[in-house]
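Just the one chain here, laid out as structure tokens, in the form predicted alone.
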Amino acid sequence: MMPKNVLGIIYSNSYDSSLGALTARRTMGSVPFGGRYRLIDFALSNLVNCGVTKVGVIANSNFHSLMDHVGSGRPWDLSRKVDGLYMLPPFTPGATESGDRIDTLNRIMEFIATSKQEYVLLMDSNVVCNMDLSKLFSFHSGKNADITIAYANGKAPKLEKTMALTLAEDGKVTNVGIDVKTESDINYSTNIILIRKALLERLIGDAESYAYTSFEKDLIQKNISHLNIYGYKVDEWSKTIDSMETYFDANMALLEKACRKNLFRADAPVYTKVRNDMPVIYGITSKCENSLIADGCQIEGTVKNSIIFRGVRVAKGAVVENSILMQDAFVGEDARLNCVIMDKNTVITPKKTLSGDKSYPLFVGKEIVI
């Protein structure tokens, strides 16, 4: 299977509600991550690194920051005369989140049908992973599969309609559970699904005819005995964002060398929108330990075990620990932060103390002054 024969479709609003206030004014795909990236960067980079040249991004609501970030797709080499990046705006009035996947796919079926690609790869934007999709394509072809679902093994994400896969030795899916209640490790779908375009068109057409409402139950679970559905295990480090806690944990994982080495590889770069800025300025009184600090920052206080985005200022005497400070945030003199997530352009005035917990970080919304 040639990657150029695959059409990538990314849901930018997938599970917006799981991040609460963090996605109140932006899509899941445009949520900042890791000091300089957005969550959608990983899906886009995975696609272009394996050779996919046409990508559609579904945007249902709050997509202005997303459009500003992806632009014409130039950072991902998707600004092309042929194929390239396509923003797919809401065609249904009042559409919210990713909503019903069947309804969402039905809205963009004309875009899919007129694409020359023979296969469609469906992806969510809440999965952080640097995945070699060419191996998934080879697996799909080798098994002569109708549908291939990429899965990870571990605790199931706390997301609606999460699919738990039961697999035969050859990887064929023999059973699919929906929202399985268990604390044990399971094989759960990452919602990276490869399917032949003609089959997807037929399934969505049947869904519309028979008023099916659930992609997972009506199109996957009910077709286990009728289609060759296979599971492909994601061996690379991955994290599915399903809450503020997992978002916090995924960022903090970047402070581990092994995680960074797996996620940011020289042979498979993670691309993002470039913002040229000056190098970090460290004051005489500054102290930094085990942190990721992006360019454009001014650090005069203490930063430990934290993720610091571009343009952040930490004043003299301030202490920031186990926290995530997004773009252009400001921490005043002698303020103390522990387990705090600060959104863009937030301000903590001098001598304030804010503290959360690693299992329940404190969130400060965009442009709020405390």
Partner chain sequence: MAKKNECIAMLLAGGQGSRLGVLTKNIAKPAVPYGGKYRIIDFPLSNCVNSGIYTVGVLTQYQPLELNDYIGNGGPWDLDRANGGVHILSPYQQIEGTEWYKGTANAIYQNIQFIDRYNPEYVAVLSGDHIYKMDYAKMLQFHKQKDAACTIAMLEVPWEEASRFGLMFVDDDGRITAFEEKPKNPKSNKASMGVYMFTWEKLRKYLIDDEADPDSSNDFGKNVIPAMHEAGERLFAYGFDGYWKDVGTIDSLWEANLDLLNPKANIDLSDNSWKIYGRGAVTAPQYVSDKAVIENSLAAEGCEIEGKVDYSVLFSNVTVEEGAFVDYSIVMPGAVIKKGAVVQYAMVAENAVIEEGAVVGENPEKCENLENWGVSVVGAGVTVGKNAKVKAQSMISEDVKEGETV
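Just so we're clear, the structure is a prediction, and the values are computed from it rather than from any experiment. Numbering follows the first chain given and starts at 1.
The form predicted together with its partner chain exists for this protein as well; it is not shown, and the discussion that follows is about that form.
- Across the options 258 to 266, 153 to 161, 221 to 229, 189 to 197, residues that bring heavy atoms within 4.5 Å of its partner chain in the predicted complex belong to 258 to 266.
- Put simply, Lys54 is far from its partner chain in the predicted complex: not one heavy atom of it is within 4.5 Å.
- Interface residue remark: Arg310 is counted as part of the site for its partner chain in the predicted complex, having a heavy atom within 4.5 Å.
- Using a 4.5 angstroms threshold between heavy atoms, Gly35 counts as touching its partner chain in the predicted complex.
- When its partner chain is considered in the predicted complex, Gly205 lies well away from it, no heavy atom lying within 4.5 Å.
- Proximity to its partner chain in the predicted complex, defined as a heavy atom within 4.5 Å, singles out one entry of Tyr212, Trp237, Tyr271, Tyr86, which is Tyr271.
- Between the options Met244, Met109, Leu292, Leu167, the residue in contact with its partner chain in the predicted complex by a heavy atom within 4.5 angstroms is Leu292.
- Residues in 1 to 19 all lack a heavy atom within 4.5 Å of its partner chain in the predicted complex.
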